Structure formats: C-alpha cells, structure tokens
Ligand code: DNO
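Next up: a single chain in structure tokens, the form predicted on its own.
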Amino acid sequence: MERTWRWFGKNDKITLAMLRQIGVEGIVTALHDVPLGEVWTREKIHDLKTYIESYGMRWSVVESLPVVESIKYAGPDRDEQIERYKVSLRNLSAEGIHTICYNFMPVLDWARTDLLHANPNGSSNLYFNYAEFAYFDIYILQREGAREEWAQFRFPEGYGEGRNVLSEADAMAKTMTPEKDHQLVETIVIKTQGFVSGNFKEGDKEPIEKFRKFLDLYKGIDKNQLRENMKYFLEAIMPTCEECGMNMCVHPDDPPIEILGLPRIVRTEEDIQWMLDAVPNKHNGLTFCAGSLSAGAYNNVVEMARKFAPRTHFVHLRSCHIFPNGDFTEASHLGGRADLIELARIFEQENPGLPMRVDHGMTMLGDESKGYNAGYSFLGRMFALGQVQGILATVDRELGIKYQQPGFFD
C-alpha cells in the first residue's frame, strides 16, 4: 500500500519537509480555503499539487471534496450543487488526481466527547463516552425527543450490561458548569469539525443555535430517504466518474451509530452492501476506515475487509477498543478490535497499491502543546506510521513483495 498522510495545506504546522523524512509517499488533502459548495478551480488544484510535488510526494487522495447538506437532504439547489461537484471532479482529473474520499453523514462529520483521554502510559487518545454525548443532546442541544430516545437506548449484546445512559446523563446535569458545557460544545461541535471545510468553524457565534438549524433540515428524513438521496447523488455523478476515471470512496459513519435523531446509512456491513449494490459501478467504492468500523461492536472488521476489498479505493488503518460499558477509545495501531495485521494481508493480496493512511494517532511527548488539529498529532501519528510500516514490511515479505522506503538506500 502507498503510505499517505493527511495534511491540511500550506498553513499546517506539520510541514511537507517533515513528512518526507518519515517515509510518507502520498499526501491526502483538500482545498480547505474554498467555501462549501463552490467549484474547485483547476488553477487552485494545480497550485497545491505542484507545491506537494516540489517536496518529492504526490497528491494521492482528496479528503474531502465535501458533499453539501442540500445534496444530502435533497434541498432545492441539489441539482445545481451536483453540477458544481462534477465540474470539480473534472478539474481534479485534469490535474491527475483520481481518488475522492467523502462522507454522507448529516450535519456532523465525526464525533468524540474527549480529545485528550488519558492512556495508562501517559499519552492520550480520542474517546467517546455515551453518557456525555447524551448529556450534550438532552441538556445542551435540548433536542426534541432526545430524552425519550436515550431512555430506549440499548448497547449491542456483550456491552453495557446494566448501564442506564439516561440516568448517567441526568446525574451529570447536577455537577456540570457553564465552563464544562462550553468545553463539551467545543469538543463535539467545533474542534472536531472546525479545521475542515465543514458546517462549523472556530469562532462561530452561537454554535448550538446553528446546530439546531442544521438538524431542522432533516426533519422527516429517515434512513430510507437518506439512502435514496445518496443513490441520486451517486447516479448523477457516475457518468463524470466514468469519463474522468474518478474513484469515489465513501467514508463510514464515525462513530457507526445513530445519533441526534439523524439517519446514519454507512455504518454496518448491510449498509455498505446496499450502497455498492444500489449503484453497481466500479467507481462507486469505499474508504475502508478500520477505526470507524471497529467502533461498532456488531462489525466484524476482518470479514468486512475480505468482502469489500475489491470495491475499496482507500484505506484508513487504525483501530478502536470498546470498553465493557460500551464506551470506546482509539487504540494502539497494534491493538483494538480491527486486527490491522490481518487487514494488511487482505488488502495487499486482494487490492495491492491502495493508498493508506494511519488516520488518527495518540497525542504524546508534547504534541498537545503544538496546536495540531484534534486527532492529527505529529509524533503520535509518526509512531503509528512506524508501527504500520513494520506490519506492511512483514506482510510484503510473506507475499514476496519488495518494498524500499523512500529516501533510503536499499
């Protein structure tokens, strides 16, 4: 697999010169300065591509060319937005970039409740606590129907036995302060969303009111309707993808659970199979995010990799650990539920040459003071990349594949 790294453009504190030294071959990035829904011009694409190539790497994957909300909920400008999307696809193709990672998650991209949850070794990882998220939903967002939904919430079999998330959220309400509420809003709404071309930005005024307005757009839209909206989008762009050789690879829902009363349609094996069957075109494929999928106790990640490897265009190799109470944390890249060693074997055999990134990493050895984006540390991701490169070197030797790390003599 091609060793890639998510990089956030010329203002990223992690520079391309740093990435070249640690064995990165390809860059995963986007035009983060282009507002949502606007066309990516060939000139801006060319400028960033040339800059990346000047450091001896290539722009391997776009993550992401955002799918705006009006495409997801079928707003009045849906067709206009799809036409703009197709123009951006053509411009990317003209510059030799052919892999697009995107998501079809309503409102929120990904969600965590703690960005610096302590590990036993003194490092930290991203963490999801169901009670804290329920508290946010019920007491801060004050979403209609939230209390009733959390009262009916049940964990998958084998987890959270005897746990009452609603009671825990109610208990939290007695001890929370305005400062703690603000921190939770920053974590769930701003710091996990604000550094990409998303719905929320650092410095947003009244983010909760803005959040409620986005939720209102999805009133009356259930899982089946959102599926149909996704199918409409994919069918509309597939002729362009055929024409330009563009591979669309959807990212699974993160976490792969239904939250905030919103439909989630890429979270299980059945969901992915539906999406691939609904638009059975080779350019309609999957970003196999082992981390997102392993956060769902009902997902057998290894079996899903075997099944979907032929339609996988991009791989995120990370892993999650689910605690007995149902909460989850991002695990070591050699641990957790995902079994990255076996996933490496599967993808190297079934679909060699795929771009791969380690995705998120630990915060360690001072990463937390460097101002990096949440989940995107330097030393933590470099440590993970070293682990994964060791996995891949071992697997490649098993398979008789010779690999030389860029920048080194054989």
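Since the structure is predicted, the reported quantities are computational estimates derived from the model, not experimental observations. Numbering starts at 1 and follows the sequence shown.
The discussion below concerns the form predicted in complex with ligand DNO, not included here.
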Find the only residue in Trp274, Tyr102, Tyr218, Tyr139 having a heavy atom within 4.5 Å of ligand DNO in the predicted bound form.
Tyr102
Tell me, out of Phe328, Phe211, Trp110, Phe133, which residue has a non-hydrogen atom within 4.5 angstroms of ligand DNO in the predicted bound form.
Trp110
Looking in the predicted bound form, is ligand DNO within 4.5 angstroms of a heavy atom from every one of Arg90, Thr240 and His283?
no
If we take heavy atoms and a 4.5 Å cut-off, which stretch out of 364 to 372, 348 to 356, 63 to 71, 42 to 50 is in contact with ligand DNO in the predicted bound form?
63 to 71
Just to confirm, Phe378 within 4.5 Å of ligand DNO in the predicted bound form by heavy atoms?
no
How about Arg6: is it within 4.5 Å of ligand DNO in the predicted bound form, going by heavy atoms?
yes
I'd like to check something about His251: if you look in the predicted bound form, is any of its heavy atoms closer than or equal to 4.5 Å to a heavy atom of ligand DNO?
yes
Is there any non-hydrogen atom of Arg264 lying within 4.5 Å of ligand DNO in the predicted bound form?
no
